[in-house]
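Below: one protein chain in two forms, given as structure tokens, structure 1 then structure 2.
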Structure 1
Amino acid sequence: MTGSRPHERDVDPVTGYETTGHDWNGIRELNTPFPRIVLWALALAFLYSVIAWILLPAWPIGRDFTRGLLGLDQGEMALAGYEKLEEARSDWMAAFADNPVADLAADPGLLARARPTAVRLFADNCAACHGTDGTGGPGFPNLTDRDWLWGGAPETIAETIRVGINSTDPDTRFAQMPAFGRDGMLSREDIVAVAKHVVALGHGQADPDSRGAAVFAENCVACHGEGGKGIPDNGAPTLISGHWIYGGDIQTVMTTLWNGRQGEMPTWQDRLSTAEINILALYVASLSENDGERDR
């Protein structure tokens, strides 16, 4: 009877590790042991996950989740942080709620302290329409020039922010340009003529004796004023500054005359506090300071 031969170990002479017995064209596969540091890392990671599942919020339960033994809640933590921030700035924020906007504008120290808050409020609530720098865009007024639809005094801006324009607020500012073409108020020939006149007004080249000037005097002066200077109390923009809400080329002006315009700004009094509205108003008023002295 022949006994079995003991297993002969095949050891790599360079590394000292055994091989698996696999050979690919003279390349032998080493049976390298799994690194101990990796095993320790896996064990520690598993231990940490167990501890975290027990102590921290982890498991979803329908629309809720387990709070863990520590009872942590990020929503409550965020609210606590917000309340702490409100408490820290309550001393100077109260001034914006309790004093007239005109008086606040005369306090440069207070304005400087509120500016970071004003920048954040503008970015969160106004930049989506008026742009991050306030220069507006098609359909949205530029807030950095001197042309104001309802007036550029801080207290006037505050009122505009509070009630909105063509908004759902019962005290909203209201403005609408009629659809002169669609509703048959003017013929196409008259619309072409007055469109050319309006474009010329924007370039300071209007002919007062033209057919367009006559159509303008009969249909547009009541809102836009003599010579197209605008009437802020009506929310009617100036037509002579070269700053356009929808565009000043002939085709856009004709579209405006044909279909009319009715922009909309929401009321913010249900979302922002009185202090925040006043801070925003003062910030918006300051945006046009580099464009010369504002017309009040």
Structure 2
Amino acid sequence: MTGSRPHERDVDPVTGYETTGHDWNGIRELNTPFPRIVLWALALAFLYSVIAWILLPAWPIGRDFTRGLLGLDQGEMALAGYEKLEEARSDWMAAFADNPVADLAADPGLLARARPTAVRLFADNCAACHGTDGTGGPGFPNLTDRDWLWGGAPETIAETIRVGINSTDPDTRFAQMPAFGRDGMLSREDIVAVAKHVVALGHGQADPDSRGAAVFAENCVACHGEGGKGIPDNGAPTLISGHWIYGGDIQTVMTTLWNGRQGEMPTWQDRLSTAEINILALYVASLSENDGERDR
């Protein structure tokens, strides 16, 4: 510290603060004190931390922790908040849990009340597969037309949502289109013939005397019904409406016949409450009112 002198009080006349007392070739350094407001803020923050230690859960002590005088618990608070949420909508939502779906369908006021919730539930849970507007996509059924795999009555839809299709639920609805080609149940020629027949069915131009029609009568009618009109009890889709789940072109129908299909819809009864399932069932049933034509 060359140039330093023994410390003496030296006040700068302009600012009124002391200098450090050192002099480097006539240059002196101000010793500006730490701003008071920062010191106060530090002190207050420390004081708050002490209060927080006492009031809130804070210190770990071995297997436990200090609970704090307020006895707050995040999990309990979240569940209490969730219960409040449930309570706030219970005045109308309870009706959906307590009444049969068919009765609920007859109450337009209640349906209108539930509609915003239905839209949200559908977006959160169903839209990923069936699309935000319910029109589905390849492998995921369109919910806005009047063709149903298992039936389109609200209570039937509710059951489908509850147990799913080919799901992990023990009571699941089960349906499987066999792999006629891969498993050697039909010859290649038969498959080509029946595929052509099925495509023609979709266009309403099937020839009842063709080879395909004969193969169809022998192998397909058991599930898809006479003339391919579908049997909802089997979860077998109609083949004559022109609406297809996987596609109605000859290539896709061939793939379906060759490899079979076993589409899966998950079970929702662990994830959604009875009321939520009923709200969704009624909403989904209402989607098909225009039979595939979106209302604009």
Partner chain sequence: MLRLHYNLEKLSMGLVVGIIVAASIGGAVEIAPLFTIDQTVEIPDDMRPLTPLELAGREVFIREGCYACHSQMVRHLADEIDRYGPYSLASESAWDHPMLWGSKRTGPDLARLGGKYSDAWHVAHLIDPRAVVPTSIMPAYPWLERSLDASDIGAQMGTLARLGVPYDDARLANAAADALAQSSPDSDGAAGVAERYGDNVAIRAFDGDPSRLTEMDALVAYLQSLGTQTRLPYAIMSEEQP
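Note that the coordinates shown come from a computational prediction; the quantities given were computed from them, not determined experimentally. Reference numbering: structure 1, starting with residue 1. If you superpose the two forms and keep the largest set of C-alpha atoms that fall within 1.5 Å, you have the rigid core.
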In this pair the form predicted on its own turns out to be structure 1
Does G75 shift between the two structures by 2 angstroms or more at the C-alpha, the core having been superposed? yes
L30 C-alpha relocation of at least 2 Å between the two structures, rigid core basis: yes
Does the C-alpha of T15 move 2 Å or more between the two structures once the rigid core is lined up? yes
By how many angstrom is the Cα of L85 displaced between the two structures when the rigid core is overlaid? 2.9
